[in-house]
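In structure tokens, the next block holds one chain alone, the form predicted alone.
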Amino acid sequence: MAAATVLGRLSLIPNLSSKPKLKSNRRTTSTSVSVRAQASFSDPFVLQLAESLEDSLSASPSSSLPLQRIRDSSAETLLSTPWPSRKDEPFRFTDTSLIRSSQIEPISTQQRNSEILDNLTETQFTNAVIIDGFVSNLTIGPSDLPDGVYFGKYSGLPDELTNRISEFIGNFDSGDLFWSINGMGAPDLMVIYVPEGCKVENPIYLRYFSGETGDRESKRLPVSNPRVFVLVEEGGEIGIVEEFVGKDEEGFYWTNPVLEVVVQKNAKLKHSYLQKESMASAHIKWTFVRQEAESEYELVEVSTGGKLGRHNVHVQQLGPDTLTELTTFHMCVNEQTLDLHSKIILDHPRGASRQLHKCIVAHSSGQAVFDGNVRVNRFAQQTNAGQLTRSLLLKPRATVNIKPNLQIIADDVKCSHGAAISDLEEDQLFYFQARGIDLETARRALISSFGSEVIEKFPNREIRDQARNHVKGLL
């Protein structure tokens, strides 16, 4: 069912009591479609948002078939999903009223923002500059990428790759409402493709900027929906870096990105993620990873920006001898909510997962949230899964909500998880003071070292230095 058809038909329904039945070319009974249509009318805000997303793309050129497929399925899902509230378990600790109370305006046209492009810091890596969801600049040297590697828009794919890429696009499990908003509002699709057996030495750098900002007084909230798909074929290796930056440190906007990843047999992907949005913005990101047998996926994340920041990470292990490693660090230095919702599903023998999450809340109105779910299903025998979260609360009334969740159905496993929440230890502070170091310097050193365990996991020196200097600046 096309997005326009869904919206057009729903807008004609006068009330809920009529129990409308919509025809669909999908394998869905008319009754279930009717239920979804009625559910959508329980939240007029979502319907209005869906209409504005559709209008924002109406002037765009005709999209590719896979992207249109994503838009159609997302429109149907979006209209059946109410806006999340604190009564919903996944959002029990995460208040989305910053977005809900605003006048959301999808960014519909690509504007060349010369100020951003002129002030870019130089990088040695192959990179793309994505402004407000649109690819504004692509830098690829003649010898930067090995033969067969593709990096660019889906519309520029060679004919021989189009069918190969298309079979994966749109085949991921559905996420939440924000996943569907991206699917319906994404103006284009970036693709990274690594052929079989190819090892890319240097990472690909995706630099996201929010050029258009709104107004907090009028509550005009521009939203962008960048979307990226990565396919690493059997035996391939690559690193990707995602960096999110606001042009204005107090800019009022909403970034709603999605990254979909397929890592095939014996392939490796190292994913570095830096979130440095403005302190007045909203940033809600989805990362969905599918790993085949003997593959490796590693995420290293440092998130410090956004009045509301949330990262949903879902990983599915689709074969034996698979390794997943998540190492993340969140730091709240203002009146912020930073949230990590992760899910790792192990379905096959000898799978392994390692997760370390650290967070610092250094503001009395700051809040950190961690909801980590590791599920070891019946056939995932001889699995080794570990999860650890550690949090520092540095101010009175600072808040952290931790919900580790380890579900084990298999019986031959080695699994563990742990959580710790505290202020800095007095013994450590005394150690510094006994050597003539003042209390403030001692606290700053201990706080910096707390996050350095994660920062040092970045595989590239340039990214490590950038993250380290950014955190020090905030402290």
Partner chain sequence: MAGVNLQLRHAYSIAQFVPTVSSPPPLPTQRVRLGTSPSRVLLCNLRANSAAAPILRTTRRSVIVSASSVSSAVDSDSLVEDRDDVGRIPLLEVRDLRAVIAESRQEILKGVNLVVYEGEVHAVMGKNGSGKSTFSKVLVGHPDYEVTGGSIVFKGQNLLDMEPEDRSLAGLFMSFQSPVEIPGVSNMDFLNMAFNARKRKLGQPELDPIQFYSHLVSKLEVVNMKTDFLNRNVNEGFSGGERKRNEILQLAVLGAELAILDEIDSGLDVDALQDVAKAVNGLLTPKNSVLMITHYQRLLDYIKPTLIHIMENGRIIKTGDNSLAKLLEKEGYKAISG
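Just so you know, these numbers come straight off a predicted model, no measurement behind them. Residue numbers count along the first chain shown, from 1.
In what follows, reference is made to the form predicted in complex with its partner chain, a form of this protein that is not presented.
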Distance check, Asn460 to its partner chain in the predicted complex, heavy atom within 4.5 Å: no
In the predicted complex, Phe229 touching its partner chain (heavy atom, 4.5 Å): no
Leu393: touches its partner chain in the predicted complex, heavy atom cutoff 4.5 angstroms: yes
Touches its partner chain in the predicted complex: Val400 (any heavy atom, 4.5 Å): yes
Residue (of Leu47, Cys415, Ile409, Ile437) lying close to its partner chain in the predicted complex, criterion heavy atoms within 4.5 Å: Ile437
Position in contact with its partner chain when the complex is considered in the predicted complex, options Phe93, Tyr273, Tyr154, Phe172, heavy atoms within 4.5 Å: Phe93
Interface stretch in the predicted complex with its partner chain - options 400-408, 292-300, 146-154, 172-180, non-hydrogen atom within 4.5 Å: 400-408
Its partner chain in the predicted complex - contacting residues of 311-342, heavy atom within 4.5 Å: none
